[in-house]
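Just the one chain here, the form predicted alone, laid out as structure tokens.
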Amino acid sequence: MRILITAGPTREYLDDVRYLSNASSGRMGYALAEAALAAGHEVVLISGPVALHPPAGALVRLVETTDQLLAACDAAWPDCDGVIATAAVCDYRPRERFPGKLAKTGVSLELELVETADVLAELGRKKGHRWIVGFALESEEFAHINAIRKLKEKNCNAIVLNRPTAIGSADNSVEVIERSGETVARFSGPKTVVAAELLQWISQAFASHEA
């Protein structure tokens, strides 16, 4: 299979220096890319800014903003069999990006934030015969319900539910939820191990989707 994998955070700039983002390390997505390559798959890795070296053999596209991520995904998606969307997309951006660097003025600065593009929903809208595995980072309350809602709204085949403790950590604990709402697998441990187990599950679940 040819697998599209998104990884890392996106950034949304206030000015030429400051930006909104999150603490995603990209480790889960990069581990999945390595696992997919080791299993003999082709990998297109679209990555936000991270302190990681891309795995040898992957076709890598580096992006910063959510719009750049969407454009890179749109370009790669037609030639892929499926996507594993681990990227931690920044949900909001400043309505206005200021040129240069904003200086202090001694008064408060009010920011208006607007929603960014929904990359996963766009991939789901153009899915066709391909498969989509999304990631949902949810807190404990209503985590399962929120993950199922995201799965259906984004037109995913399955969603991987993980918790905020995964951010920046070398370990992860996830559950895989199918469209029925049933949890069909659970994996815990170092992200490299979780990635290998998750990739094996994906390979078995979606082998029939190969182009």
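Everything numeric in this text was worked out from a predicted model, so none of it was measured. Note that residue numbering begins at 1 and tracks the sequence as displayed.
Unshown form predicted in complex with a small molecule; subsequent notes refer to it.
Partner proximity in the model of the complex, defined as non-hydrogen atoms within 4.5 angstroms of the small molecule, places exactly one of 135 to 143, 93 to 101, 74 to 82, 106 to 114 at the interface: 135 to 143. By the 4.5 Å heavy atom rule, the three marked residues L4, E42 and R61 all fail to count as contacting the small molecule in the model of the complex.
Although the partner is absent here, K154 sits close enough that one of its heavy atoms falls within 4.5 Å of the small molecule in the model of the complex.
Although the partner is absent here, K150 is a contact residue: one of its heavy atoms lies within 4.5 angstroms of the small molecule in the model of the complex.
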